[in-house]
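The data below hold one chain only, encoded as structure tokens and taken in the form predicted on its own.
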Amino acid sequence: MATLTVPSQVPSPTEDAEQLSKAFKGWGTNESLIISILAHRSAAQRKLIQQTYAETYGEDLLKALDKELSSDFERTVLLWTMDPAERDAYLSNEATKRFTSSNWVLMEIACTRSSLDLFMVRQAYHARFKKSLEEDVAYHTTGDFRKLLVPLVSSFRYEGDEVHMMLAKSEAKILRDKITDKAYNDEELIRILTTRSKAQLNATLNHYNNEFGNAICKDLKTDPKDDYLKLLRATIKCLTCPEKYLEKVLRLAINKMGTDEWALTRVVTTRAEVDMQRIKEEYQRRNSVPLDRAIAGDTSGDYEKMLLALIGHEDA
């Protein structure tokens, strides 16, 4: 369900590295050339280009890009060019820093990646930051947020389709009881959300809906101003229908007074090779405007061109 457009005949990594090197030379950088190459290569192809570039020119491609580019365009190109696990490790680390801290980004990465992807993020985190993602999340969060986020980022869920209906029934009741008691930070509630497979959770929440006549997120809206409850609802959304959650992130990023470029860049670069098609369909359904038109109306220059290329816009 990705929308990244990769040409059927891809030049060799050597040719791509050479073209990129050319783009950095002479008067000013050739941004269009950079977009035409990097925005149309898969993760595996980008990795080979990086390796070839380092071997040929004795410099890290990311460092070269960092020197040549600036602002939102630079951030988009750098995030996109990174290995997906390293990118998520970097974004997670940023989300634990004082000035860029975000429980939402941590939750989004923990809930929308596959078990194996999340495991690789934790490995990449070790390698790059010489500590674990769990310890940083635990250190930089407190209270209920810590209680939820640490098991979320440590999770290694079963990925298959097997579902135990009796279990779904009993755990739907546990969730209902805890929510009725307003025990939103209860260990059992957190255990179910942070350990069960996505298929099992879907079955549990369907049962919850049918049995108790309300969607669980509706029951968790008792206090709309409560940030922990907001995060809890978002966690459930991310685990069960990520495209709905990610559409909302994009909608809010674009419709803000002044675009939230960080959120826009993060969603486009991390989902272009995953489920961007679904996100685009959801965006169109929800806003009656195609996502590419919304992005084009809200961004400009090379930043706009890069984003449009990544979401598979024909002319980009």
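This is a predicted model, so every value here is computed, not measured. When you see a residue number, it is the position in the sequence shown, counting from 1.
Form predicted in complex with another copy of the chain: not shown, discussed below.
Using a 4.5 angstroms heavy atom cutoff to another copy of the chain in the predicted complex, all of Ser132, Glu188 and Thr195 count as contacting. Heavy atoms within 4.5 Å of another copy of the chain in the predicted complex map, among the stretches 114-122, 209-217, 229-237, 87-95, onto 114-122 alone. In the predicted complex, at least one heavy atom of Gly143 sits within 4.5 Å of another copy of the chain.
A residue is said to contact a partner when one of its heavy atoms sits within 4.5 Å of a partner heavy atom; Ser154 meets this definition for another copy of the chain in the predicted complex. For the chain shown alone, Asp181 is not a contact residue for another copy of the chain in the predicted complex, no non-hydrogen atom being within 4.5 angstroms. Interface membership of Leu167, defined by any non-hydrogen atom within 4.5 Å of another copy of the chain in the predicted complex, is confirmed.
Scanning Lys173, Lys221, Lys244, His126 against another copy of the chain in the predicted complex with a 4.5 Å heavy atom cut-off leaves one residue, His126.
Taking another copy of the chain as it sits in the predicted complex, the stretch 214-236 never comes within 4.5 angstroms of it through any non-hydrogen atom.
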